[in-house]
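The data below hold one chain only, encoded as structure tokens and taken in the form predicted on its own.
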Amino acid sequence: MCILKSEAAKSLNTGELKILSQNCVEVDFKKDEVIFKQNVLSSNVIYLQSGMVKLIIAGPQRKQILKIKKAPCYIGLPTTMGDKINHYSAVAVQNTRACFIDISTFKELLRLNPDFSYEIIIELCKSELDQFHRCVNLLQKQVFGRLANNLIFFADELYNSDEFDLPLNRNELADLVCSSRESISRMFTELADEKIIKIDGKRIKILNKEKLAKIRDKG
């Protein structure tokens, strides 16, 4: 029963869990496979069991990476609950397992179980606050601060380690921080020269997190 890892699902009783298990299906995705696509009809709530995804929205001029999300978590809740059409796409960053839950079943459980509804509201609120902070960072920090912020996010939130493989290539990372590939490469070189990070291909090791945090905070 894939949904059991969800904090919200822990509040469901045996009968409700049975209903849920009968109306959801697990799907495995390889790296770079699309989990759901923008402007396509949405009929499922998606819960990530394992793996990592990037959320992408197509704007007037180009596609924009909104954020990276790591399992376990829901994806697509605002767009699925708020409209019948996906407003952005989700693409696997690594091998990922997702549980597709029938939207009618999900809405019925929200009506039946207030504790389940409460946990879903909490998740939506956290997601909205995270997006507010990201918006402020993009608008008010210089690109060096934005890059440092994301490197620390990768270490602390995605990998729980100061040594990791970048989840995005240089072009995608530049897109995430609203910069250019050339600027990202130059900043990586500067950070490496100052012994703040060590770079080996896509492998990053944070050597001086205190200095990196200062760059992030000063923007």
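All values derive from a computational prediction rather than experimental measurement. Numbers follow the displayed sequence, beginning with 1.
Unshown form predicted in complex with another copy of the chain; subsequent notes refer to it.
Chemist: Scan Ala71, Leu124, Val91, Val143 and let me know which has any heavy atom within 4.5 Å of another copy of the chain in the model of the complex.
Modeler: When another copy of the chain is considered in the model of the complex, the option within 4.5 Å is Leu124.
Chemist: Would Thr105 count as touching another copy of the chain in the model of the complex under a 4.5 Å heavy atom rule?
Modeler: Close contact is absent here: in the model of the complex, Thr105 is far from another copy of the chain, nothing within 4.5 Å, heavy atoms only.
Chemist: Using the partner position in the model of the complex, report whether Arg62 sits within 4.5 Å of another copy of the chain, counting heavy atoms only.
Modeler: Close contact exists here: in the model of the complex, Arg62 approaches another copy of the chain to within 4.5 Å, heavy atoms only.
Chemist: Hey, in the model of the complex, does Arg170 get a heavy atom within 4.5 angstroms of another copy of the chain?
Modeler: Judged by the heavy-atom cut-off of 4.5 Å, Arg170 is well away from another copy of the chain in the model of the complex.
Chemist: Does Asn149 reach another copy of the chain in the model of the complex, with heavy atoms at most 4.5 Å apart?
Modeler: Contact with another copy of the chain, no.
Chemist: Can we say Leu158, Arg203 and Leu207 each have a non-hydrogen atom within 4.5 Å of another copy of the chain in the model of the complex?
Modeler: Not one of the three qualifies.
Chemist: Pull the contact list for 74 to 92: residues with a heavy atom within 4.5 Å of another copy of the chain in the model of the complex, in sequence order.
Modeler: If the 4.5 Å heavy-atom criterion is applied to another copy of the chain in the model of the complex, 74 to 92 yields Leu77, Pro78, Thr79, Met81, Gly82, Asp83, His87, Tyr88.
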